[in-house]
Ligand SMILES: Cc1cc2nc3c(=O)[nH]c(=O)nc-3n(C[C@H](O)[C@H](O)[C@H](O)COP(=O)(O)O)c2cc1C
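Heads up, the chain below is alone and in the form predicted alone; it's given as structure tokens.
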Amino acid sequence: MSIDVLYGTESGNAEMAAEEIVAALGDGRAVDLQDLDPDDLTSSAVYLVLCSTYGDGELPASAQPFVDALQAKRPDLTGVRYAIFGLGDSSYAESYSLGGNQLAECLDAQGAARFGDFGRHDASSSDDLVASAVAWAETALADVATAAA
């Protein structure tokens, strides 16, 4: 099973966390969503997706081209498995982690299957982003391995 850690970021936090997940797992690769064509998603890989939220709940700049392509091409993502981790700030209650929510909705609409818990990191908390993201990734991968067994 190959692991791709995909990220959509505005300020670089999701990218940093994605790279740290790859380092902690000792496997996989970190890929910026803006460099990924939705047609390249495959059922032979597992995708860990990190997505920040920008402004009033919008997708970050690096995720928007991927979502635009998903909506235009409407590829059949049946068999594609992903877990998602949203970054946000709960002090903006109405828009907290909406970037991750929007991205998950777009993947789901094309038939992709989500596994594991929807991870979230709150920038207003004292929780360390990298530690939270790595713990989420390890738990999500354990969930998908158990389901496959």
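Everything quoted here is computed from the prediction, not taken from an experiment. The numbering used is simple: start at 1 and walk along the sequence shown.
If you look for the form predicted in complex with this ligand, you will not find it shown, but the lines that follow are about it.
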Self-check item: in the model of the complex, the residue from Ala45, Ala123, Ala109, Ala113 that sits within 4.5 Å of this ligand by heavy atoms
Solution: Ala123
Self-check item: Partner-facing stretch of 31 to 39, 101 to 109, 49 to 57, 66 to 74, counted where any non-hydrogen atom is within 4.5 angstroms of this ligand in the model of the complex
Solution: 49 to 57
Exercise. Answer for Asn13 alone: is it within 4.5 Å of this ligand in the model of the complex, judged on heavy atom distances?
Key: yes
Self-check item: Non-hydrogen atom contact Asp89 with this ligand in the model of the complex at 4.5 angstroms
Solution: yes
Exercise. Quick one: name the residues from 94 to 126 with any non-hydrogen atom within 4.5 angstroms of this ligand in the model of the complex.
Key: Ser95, Tyr96, Ser97, Ala123
